[in-house]
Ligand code: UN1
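Form predicted on its own, single chain, as structure tokens, below.
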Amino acid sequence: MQDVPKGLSFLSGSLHETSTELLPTTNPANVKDILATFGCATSAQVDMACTRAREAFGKWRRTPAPVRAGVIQSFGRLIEANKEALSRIVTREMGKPIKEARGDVQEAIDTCNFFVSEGRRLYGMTVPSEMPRKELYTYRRPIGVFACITAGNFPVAVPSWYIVPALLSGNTCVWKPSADVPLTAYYFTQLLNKAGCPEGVFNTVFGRGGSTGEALLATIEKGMVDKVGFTGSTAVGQRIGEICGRRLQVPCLELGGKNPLVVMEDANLELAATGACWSGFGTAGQRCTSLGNLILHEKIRDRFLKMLLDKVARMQIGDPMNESITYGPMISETFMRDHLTHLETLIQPHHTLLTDPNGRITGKRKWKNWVGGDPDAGYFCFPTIVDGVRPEDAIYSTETFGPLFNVMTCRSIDEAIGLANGTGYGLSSAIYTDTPAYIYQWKEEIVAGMTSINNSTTGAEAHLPFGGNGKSGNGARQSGVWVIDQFTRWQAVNWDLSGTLQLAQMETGYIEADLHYTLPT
């Protein structure tokens, strides 16, 4: 891309800096297609980004919320005007099918549309006092400098979930996007700058997690950051939680999942098979909400698996620019290697592979419904379904983050819920059934932060809370009005107009009642 400075490592409004540590970004469907070469921000550049954000905070927090919302409105309109171009960049950079990339970008547009109105609804409350001539109020106040670290699988939608409400609430931001999607992040930042975001309010540092990411985490200990948001692995999320805890901060953590999908004996099997196929193999299984454990009632198990495998056999895999494919390449070579390692280390002798072949798709081992280009040029993998999985198996509770899911069997709704909850994760979940008693018990007892009934484990809307429990997160929620609690602090104001010191609880003029009065019997 000709307008990207080579080695760009730090972007903040009109200010940009480069680095000598280079970060090329390539097309995972064709690694010879180099999109751009970025730099890795140094520790000094990360500190500078935080300093700029701190300096800009005082003015930005005093900017009226409806005016801040105007920037968000313009940002959404700019994304909408560039939707197709940005979608194609997403597909070229991380391999998501073009139809999914458009959905990724649309989610950011929806988020902007939702939060424009929230700029006029950052409500506090007027509270009645127990004392005369005394006013009580509550206000939402911005937290300060927000450090945001996001993954590469949803390179437009997920950053918008953090950044849009954070800025709207009056915070300033330092963002480290995934090293897998720097070009998408560059254009995301450019669109926000063109929307009128003031100098220093939004700062982007490019680089790898092991260098630039570590430098950003170090700013927490230095007291340069007031709030952290992170989307990624549970292990890294735990570490961030520990660092923030030492500063008495509560991060917003959206972590991994081992998401269950249950199919009961009364389910619409055609609908459930379609949902399972999409949950398991959409985005090549590289979603935090992708299907992990498919739990089938014993009465429909064999019939359902035949239907599912028929659908899998008809899937098209290949060029992500093709409108008809189910999925394209893995995001990067690292993700592909991790997937191949899982196949080598997690499959046990008592497991049965319902799919064949498995592993990497190549020119010599092609998927039979291959669409487009040369598989040897990219990071493509076969779909894998593992049967015979038991709760004690490592694969049952390991997030595999690839085109791979397990099959388990249940005999009752109680057993299904036990298997669904037993992994320690609690992000997304789904059940297929038409029995109201099953539905009621499921939604009451599932520990996941999100659940679907007769729908897949994946899918989010801009006005519904998104997030998980257990190993999937710390209870923080993104999207909708709920995320405002992540980016504001409540302030209580006590304004006494009486001219005297009034002591609540001690001098309150409660009216006495005759509590000894009884009615005649």
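Residues carry their position along the shown sequence, with the first being 1. Computed from a predicted structure; not experimentally measured.
There is another form of the same protein, the form predicted in complex with this ligand; it is not shown, and what comes next is about it.
Ala101 falls outside the set of residues with a heavy atom inside 4.5 Å of this ligand in the model of the complex.
Contact check for Thr172: no non-hydrogen atom falls within 4.5 Å of this ligand in the model of the complex.
Interface residue remark: Thr458 is counted as part of the site for this ligand in the model of the complex, having a heavy atom within 4.5 Å. Though the partner is left out of this view, Glu93 does not reach within 4.5 Å of this ligand in the model of the complex, counting heavy atoms only.
The partner is not drawn, yet in the model of the complex one stretch among 146-154, 210-218, 263-271, 236-244 has residues with heavy atoms inside 4.5 Å of this ligand: 146-154. The contact with this ligand in the model of the complex, taken as any heavy atom within 4.5 Å, belongs to Val158 out of Val158, Leu291, Val205, Ile331.
Taking Lys227, Arg287, His297, Arg360 one by one, only a single residue has any non-hydrogen atom within 4.5 Å of this ligand in the model of the complex, and it is Arg287.
Residues from 100-138 that approach this ligand in the model of the complex with a non-hydrogen atom within 4.5 Å are limited to Glu107.
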